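The form predicted alone is given below as one chain in structure tokens.
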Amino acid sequence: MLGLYLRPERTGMNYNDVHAVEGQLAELKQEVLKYKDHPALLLWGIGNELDLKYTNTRVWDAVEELAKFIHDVDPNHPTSTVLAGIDPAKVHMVKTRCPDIDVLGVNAYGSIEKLPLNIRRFGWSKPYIVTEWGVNGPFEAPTTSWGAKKEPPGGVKASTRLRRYDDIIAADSSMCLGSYCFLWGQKQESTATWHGLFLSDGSATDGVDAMHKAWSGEWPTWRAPSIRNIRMNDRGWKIDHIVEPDSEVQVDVDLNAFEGEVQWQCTLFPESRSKKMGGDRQKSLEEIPTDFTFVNPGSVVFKTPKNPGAYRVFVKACRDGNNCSSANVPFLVRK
């Protein structure tokens, strides 16, 4: 799916500016002509989440102009545009303003649970693709009293991925053409581990194993360890953790080890303060040097920072150094 990047309104694009719109379309039409006969091309993606925090519906006129141009010059590949979730108004806009869109792309995280039902309820009758899906995003997560987002452990996320693929995506074969699992890579989005099926050092996670099972029907021969729960001072990851400066705390994880020896690693980071949205690039955080002592496999003690503030401790369990599961706990240091 070749993405044609129309600038979203939230980045400063003004779809009332005729010259800006025409200049953007002229450039994208050249991309279409360049790649329309490429053997890897399956379909065109005209804009990604143009509807996120937008107010100017003229953006759909730009989408339609490009879709119509593609139909004129490339009869071999369908057109799509990608929405940030769906609601009746968005579906109505694409149906009425963009008749040359053949396939609806939907980025759905928590909302994927009702996506097949809502696609039909909101009146979309053409095929659709789940163009982003995975675990619930940081924007949907419960937060601590100081605003830190609570991320489920790796094993919980892996199970969520497998269930959503089997029970929702694969189950809707009458309308859903397929899906793109988010993210086949790694990125910083609230944390460095939230969406990525790989870690920042390139290690594959237990989420990769879950997708192996989803796509092939079988688990891989050698599975990554899988963290099912993480606790700080005997209290689970769903609870707020407020601790004193320079105090000793213990973090424990519950692990499905499967077969083989497990290697452990801990890291400490400041809490992210980024307010960016829609997958916009966020800067990676710098690790805080900290002494960790594993008192048992899956049990580690360390001293909290002396400076008050919001932090997050990560635990990683790996087999052979490159098949891993991770989990983290946000905590607040307060005098």
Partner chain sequence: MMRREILIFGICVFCYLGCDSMQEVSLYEVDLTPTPEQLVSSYPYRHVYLDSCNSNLFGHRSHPCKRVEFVKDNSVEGEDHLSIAWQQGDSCRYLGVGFPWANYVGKNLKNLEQIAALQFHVRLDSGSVSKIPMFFSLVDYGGRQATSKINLLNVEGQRLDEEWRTVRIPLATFRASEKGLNLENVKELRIEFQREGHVHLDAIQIVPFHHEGKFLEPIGEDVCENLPLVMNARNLWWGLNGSETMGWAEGEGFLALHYDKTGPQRDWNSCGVALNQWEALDMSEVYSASALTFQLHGQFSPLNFSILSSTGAPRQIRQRLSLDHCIQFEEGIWSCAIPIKQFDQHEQFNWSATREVRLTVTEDIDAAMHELQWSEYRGNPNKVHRWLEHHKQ
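Just so we're clear, the structure is a prediction, and the values are computed from it rather than from any experiment. Numbering follows the first chain given and starts at 1.
In what follows, reference is made to the form predicted together with the partner chain, a form of this protein that is not presented.
Not displayed here, the partner chain is kept clear of residue 320 by more than 4.5 Å at the level of heavy atoms in the predicted bound form. Proximity of residue 74 to the partner chain in the predicted bound form: non-hydrogen atoms within 4.5 Å are absent; the residue sits far from the partner. Looking at residue 97, you'd find a heavy atom of it within 4.5 angstroms of the partner chain in the predicted bound form.
Contact annotation for residue 287: none of its heavy atoms lies within 4.5 Å of the partner chain in the predicted bound form. Figure note: of the listed segments 38 to 46, 56 to 64, 263 to 271, 299 to 307, the one touching the partner chain in the predicted bound form, with heavy atoms no more than 4.5 Å away, is 56 to 64. Only one of 147, 217, 185, 88 lies close to the partner chain in the predicted bound form, with a heavy atom inside 4.5 Å, and it is 88. Only one of 177, 93, 242, 170 lies close to the partner chain in the predicted bound form, with a heavy atom inside 4.5 Å, and it is 93. For a residue to qualify, one of its non-hydrogen atoms must sit within 4.5 Å of the partner chain in the predicted bound form; all three of 19, 30 and 34 qualify. Applying a 4.5 Å heavy atom cutoff to the partner chain in the predicted bound form picks out 120, 121, 122 from 118 to 142, in order along the sequence.
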